[in-house]
Each structure stands twice: as structure tokens, then as C-alpha cells.
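Here you get one chain, nothing else, as C-alpha cells; it is the form predicted alone.
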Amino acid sequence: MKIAELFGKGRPVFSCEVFPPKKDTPIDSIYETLDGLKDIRPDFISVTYGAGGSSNVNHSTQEIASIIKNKYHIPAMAHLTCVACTKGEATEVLAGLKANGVENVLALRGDRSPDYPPKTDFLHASDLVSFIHRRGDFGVSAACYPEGHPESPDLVSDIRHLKEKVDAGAQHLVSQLFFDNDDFLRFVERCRIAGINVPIEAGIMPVLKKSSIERMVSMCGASLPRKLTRILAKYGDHPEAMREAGLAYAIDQITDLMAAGVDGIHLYTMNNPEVAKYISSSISTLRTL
């Protein structure tokens, strides 16, 4: 099933993201994560692509997407990045996904890594979106940034580039993490005014550790609202309290977003099925309305 077909059925889509095990960890370790996630019945699971282009990790992305689709019978979406692929490599990846019944790809520029020189066949995510779209048989998704891409000069330019990705064939968008729902809702409104009418999922990352979220925010440019900074200041040095407060904050975010009628929630699980199950259980009734 194409991801875009999951939307418009009277309820918000709920999906999850996992990442491949590190290169020195057996791929079988992903089964513990997936065994936990299957119990919450996500509408689909996405699998990240290795930073920079590590061939072992990138092969794992295809393998895990296939496992999700064929062992767990959950629609899978494999990430694919510009910085990691030549056109020939992208063609090979797509052929492998198709052979294993994986029908969905999230096309990204990807984060550059000093350990792997970036490939240059696809300079922008819109180029990769178009490349995949022209080959047919795939649902193509793309990323979006509620507060603007860190490298974008302004929000107007950011929306214009996003429209280019949609016009190139992106049928569904997944947002970068954010912590202020008003930022996301204003972003969706700007998208609709610009003629971007594909489903837009809200990307939610639970804040479980102060150090981890500060690192993520420095990388993606997301801002921390006053409510969250108070939580970090009060509980950041107390792991159990921080975990409890962070989960409560994420659940509150999701509850408010669902009440606002968002298209879907994409949960960044960090391969922690217990956190995903806790959140899913807390919003189980909301997912049916």
C-alpha cells in the first residue's frame, strides 16, 4: 500500500520511525524493537538511511524495510538520501526494494558526514523525488521543516522549495521534530495557502534526556518553548523525572495536535519500543476518533 492512501479515512494516521543497528551490531537486534512496535499497530514504519553512505548500514535499511513488510505485514517506508547515492546506486536500491515488495520511499537530501564524501548526482531532495517518481510503482514522501530548514534564508523560500518537492512527485510529507504545536499549525496553514495539499504528518520526538535533546536541537534548528525549557531546567539532571516529564510533554503535544485535526503523527521512537507503547496506549482512544 502507498502511504498516501492511508490518509483521508476519518482518523489521523499514526506511524513510527526506526533506524538500523550500528554496523558492529547484528541486524537481528532490530527484532526486539519491531516486536514491540507491532503491538501498537502503527499504520506504517519508516527506516532511516545511514549517514553519509555507509554501504553496510544502507543495505540494512533495505533489509529492515523488507522485514517490516513481509514478516510483520506493516507498510514500510525506506529512507533514501541524495548525499549517499549516485543515480546508479539509487536505481539498484529501488530495484531491491521493489523485489521485496516495499512500495514507499522517503527522499531526503541527507546529513553530510566528514567520513563519507557526498555524492553529487542529486543536488537537492526534489531531484531525488523526481527520479523516484519517474520510475513509477513507488509512493514518494519528503521531509518538511515547521520552523524552516536550517540552511533556508527565510520561511518564504523554504515553502517555495517544499512546493518544488511536491510538484516533483512527493505525495506525503513528514515533518522534522518540533516542540511548539503553534509552529506546526502555522506551517501547515502556510503550506495550504501555497497550494501544498498533500498529507503532512507531525514529527514528534519524546524528550527523555536533556543532553540528547540539546544535541538534536543544535542539529535541526528546532526551538524550545518556555514550557519545555522549564521542564529541562527542573528535571534535566534527574533521569527518571526527566523521562516521566518528557513522556507527558509528548503525549500532551499529540493530544493537542489530534484535537486540531492534523493528518497524522510520526513518532521518532529512537528504537525504544517501550516508549512507543506507552505513548500509543495513552492516546489509544484518540486514534479511533
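Throughout, we count residues from 1 along the sequence that is shown. Computed from a prediction, not measured in an experiment: that's the story for all the values here.
Omitted here: the form predicted in complex with flavin-adenine dinucleotide. The next part is about that form.
- The partner is not drawn, yet in the predicted bound form one stretch among 163 to 171, 192 to 200, 131 to 139, 97 to 105 has residues with heavy atoms inside 4.5 Å of flavin-adenine dinucleotide: 163 to 171.
- Residues 180, 231 and 253 are none of them found to lie within 4.5 Å of flavin-adenine dinucleotide in the predicted bound form, as judged by heavy atom distances.
- The contact with flavin-adenine dinucleotide in the predicted bound form, taken as any heavy atom within 4.5 Å, belongs to 124 out of 71, 209, 186, 124.
- flavin-adenine dinucleotide in the predicted bound form is approached by residue 268, whose closest heavy atom lies within 4.5 angstroms of it.
- In the predicted bound form, at least one heavy atom of residue 111 sits within 4.5 Å of a heavy atom of flavin-adenine dinucleotide.
- Among residues of the shown chain, residue 147 is not one whose heavy atoms approach flavin-adenine dinucleotide to within 4.5 Å in the predicted bound form.
- In the predicted bound form, flavin-adenine dinucleotide lies within 4.5 Å of some heavy atom of residue 49.
- Along 69 to 93, a non-hydrogen atom within 4.5 Å of flavin-adenine dinucleotide in the predicted bound form is carried by 79, 81, in order along the sequence.
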